[in-house]
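Below you will find one chain, with nothing else, as structure tokens; this is the form predicted alone, and questions on how it binds or moves follow later.
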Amino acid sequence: MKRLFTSAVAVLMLSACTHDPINPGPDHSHSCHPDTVYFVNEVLPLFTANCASSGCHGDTNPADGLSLTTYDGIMDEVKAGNPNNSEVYEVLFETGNDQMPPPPAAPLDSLSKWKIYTWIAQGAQNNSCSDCDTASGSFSQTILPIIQSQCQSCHSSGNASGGVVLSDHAHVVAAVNNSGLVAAIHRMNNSPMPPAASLSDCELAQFDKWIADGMPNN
């Protein structure tokens, strides 16, 4: 079921611009604006990590004929500027057997839903940015958001694929030390993670920086 967001998000809708959904390619800007949600950097990874597994909405025999691995495929279920009338957003609030992603995967967290909502409200552009902050090495600001958006659908406390839980700092450190997490995200073993698509070069660099700093809980 659709849910209303806070008044702050409503303001975003009022200020959002619309655009022609037919977009020949990403609009590569040179810097990331903190008030903009970028499709290539933030939205597409959410869909590939949570919706593109085997038997769901990947490239091979996608469920209902719907592949959610490309901008064009996702835009088939999006009304630019109108998230509450976009099917791809509406299904995020279904429950039971209609939940997306389906059980036993964990539902998307509120931050991930907010990113999809805001991206659509801002015009659902095929945009990207090139900033990559590898200086801070922050778990809470950098590593945890990557884990939440790309890994927790399969590695939450209620759905621990392979027995690996990535719900908090202690579990992530344990996975690095004992479960081959580094090899998995660098796609160097037989269990690459996320399975559908690699983390970006920036995300991998941020992970490596945090590990090199001693994996602080900062």
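The structure presented is a predicted model; accordingly, all values stated were derived computationally and were not measured. One-based numbering along the sequence shown.
There is also a form predicted in complex with a small molecule; it is not shown, and the following applies to it.
Stretch 155 to 163 is the answer when you ask which of 155 to 163, 44 to 52, 31 to 39, 62 to 70 has residues with heavy atoms within 4.5 Å of the small molecule in the predicted bound form. The three residues Leu181, Asn189 and Met193 all sit with a heavy atom within 4.5 Å of the small molecule in the predicted bound form. With a 4.5 Å cutoff on heavy atoms, Ile185 counts as touching the small molecule in the predicted bound form.
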